[in-house]
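One chain comes next, on its own, written out as structure tokens in the form predicted on its own.
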């Protein structure tokens, strides 16, 4: 375990224009040790200063809520087009064609984002809501019949995979590529460690599947994918852009929801008083999911690149520097949240950065929230107890925080 008092080395890095020097911190946020328990390091990073320098990967980082929120909401100063991972697209070739959503800046981002926002609008969510709710009810009934299940494979993965690909309009064959592909995408945002290298080396079959499924002729009429391609006919996007936007849905539409659901179930199993509160009032399901996103932060980190010399919390950072945002640390910053290390399903979670913030806020957040609410409400209505009955294993990923296995026993209400 990393000790908080071991994090800050006391060394300082140079700062331009006579600004105060920036604390240097000896933390590797892409190590297995960090993945297992990031919270002591998060605290040390927040306490070290508003911005720190991470010696391991020679990048700057922000871990306090105020600075993370500020960076997310200033895309002109902190750009995404040079990559939201450690790789700087101005200096090296991306491992795949950059995303038109995640790795783009205005005005290009504004145009393509508008298309996805229309395809995934609140009105569309209303149309698919009953289908998602019914699927959650069926899933819980089947799990209750089994009794003992793995909350990751049997629920957190199985439920999104049963509803989201259908909503996109994917064919049945080959859907087993979706989770590995998303894992590759999020590992690739990290440094050239073993996780990233191995993921990319093994990615070809998953990339090939996704590329093929994103083509118009492979997508069922009426699904999200077909609706994206229809915007070509309307003149909003080009034929070349449409498959790239469908790819964005498949890159980020499942893994984040899987980890969010896993986090919520893990929280409810560990906090019986909150589970009792949810059971007595299933309308809290949406907020219980939202609080799990804040509490566990399935998306832990993203990078931006400075477009000019900038002041962060009184410290000078030069143009062209990578800034690592610790979303998970911001979501537990006591400067922003009262009792931040407590899971509280009645907390006012508005403002958390678990889905990002600003113009790059998760475009699929409405789908994720629908799935989270539907599943937790079904659990609350049908399940009396959730008991962890085996060793909990974490899944290591350079960007995502989630579980590999969560053995539980469910008892019917």
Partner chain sequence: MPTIVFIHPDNRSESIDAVVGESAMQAATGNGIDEIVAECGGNAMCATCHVYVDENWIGRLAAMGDEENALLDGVATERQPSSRLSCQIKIEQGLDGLVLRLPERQV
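Numbering follows the first chain given and starts at 1. Keep in mind it's a predicted model, so treat the numbers as computed, not measured.
Keep in mind that the form predicted in complex with the partner chain is missing from the display, and what follows is about it.
Novice: Work out which of 366, 66, 384, 388 lies within 4.5 Å of the partner chain in the predicted complex, going by heavy atoms.
Specialist: It is 366.
Novice: Flag residue 255 as yes or no: does it have a non-hydrogen atom within 4.5 angstroms of any non-hydrogen atom of the partner chain in the predicted complex?
Specialist: Close contact is absent here: in the predicted complex, residue 255 is far from the partner chain, nothing within 4.5 Å, heavy atoms only.
Novice: Evaluate residue 113 for contact with the partner chain in the predicted complex, applying a 4.5 angstroms cut-off between non-hydrogen atoms, and reply yes or no.
Specialist: Output for residue 113 is yes: heavy atoms within 4.5 Å of the partner chain.
Novice: Report whether the minimum heavy atom distance between residue 56 and the partner chain in the predicted complex is within 4.5 Å.
Specialist: Heavy-atom contact with the partner chain at 4.5 Å: absent for residue 56.
Novice: Tell me, yes or no, whether residue 123 is in contact with the partner chain in the predicted complex, where a contact means a heavy atom of each within 4.5 Å.
Specialist: Flag for residue 123 set to yes.
Novice: Among the candidate stretches 247 to 255, 282 to 290, 320 to 328, 203 to 211, which one is within 4.5 Å of the partner chain in the predicted complex when only heavy atoms are counted?
Specialist: In the other structure, the partner sits against 282 to 290.
Novice: Looking at the partner chain in the predicted complex, is some heavy atom of each of 351, 358 and 362 within 4.5 Å of it?
Specialist: All three within 4.5 Å in the predicted complex.
Novice: At a 4.5 angstroms cut-off on non-hydrogen atoms, which residues of 71 to 86 are near the partner chain in the predicted complex? List them in order.
Specialist: Counting only heavy atoms within 4.5 Å of the partner chain in the predicted complex, the single contacting residue of 71 to 86 is 73.
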